[in-house]
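Next comes just one chain, in structure tokens: the form predicted alone.
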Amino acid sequence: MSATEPKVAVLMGSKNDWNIMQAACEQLTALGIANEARVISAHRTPQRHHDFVTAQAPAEGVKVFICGAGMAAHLAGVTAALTSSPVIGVPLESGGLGGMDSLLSTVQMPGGMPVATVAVGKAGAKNAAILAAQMLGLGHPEIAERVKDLRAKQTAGVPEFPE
């Protein structure tokens, strides 16, 4: 990881979301991508959220935001409203709907306000990190190469059947 490479911010609405969103940070770290996790609620800490997304994150070199939230799941959408950087939403299970409420809240953005949305839960957090790496890889060939290496390792890890 070089000092000139971009950074990814992993945001979550509550510290209780860390058990899922940690997978995004772990995958980013495995790919050699600088990242930081923060608890920032679109509803409970709106000023902190605004200040981070509009001023602090750009100053720190953040180029992509990964946002994990449950229930109303507004974190990704509000983040997208505050930045022109890519935003990836990770719907989280909460309440009695198994994450369906979060999925629909994250994916149903109005035209002109895109949020890339991945699977509910830990698989979504991991995929969000890989998607962020693919986005960053468009301008950073060294990141693109690391993603290609990851994909090759995944392919090699699937044995043929029958052997």
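Computed from a predicted structure; not experimentally measured. All residue numbers refer to positions in the sequence shown, first residue = 1.
Heads up, the form predicted in complex with ligand RP5 isn't pictured, but that's what we're talking about next.
> With ligand RP5 left out here, work out from 26 to 34, 66 to 74, 130 to 138, 106 to 114 which stretch has heavy atoms within 4.5 Å of it in the predicted bound form.
After filtering at 4.5 Å, what remains is 66 to 74.
> At the 4.5 Å heavy atom threshold, is Asn16 in contact with ligand RP5 in the predicted bound form?
Yes.
> Would Ser94 sit within 4.5 Å of ligand RP5 in the predicted bound form, counting heavy atoms only?
Flag for Ser94 set to yes.
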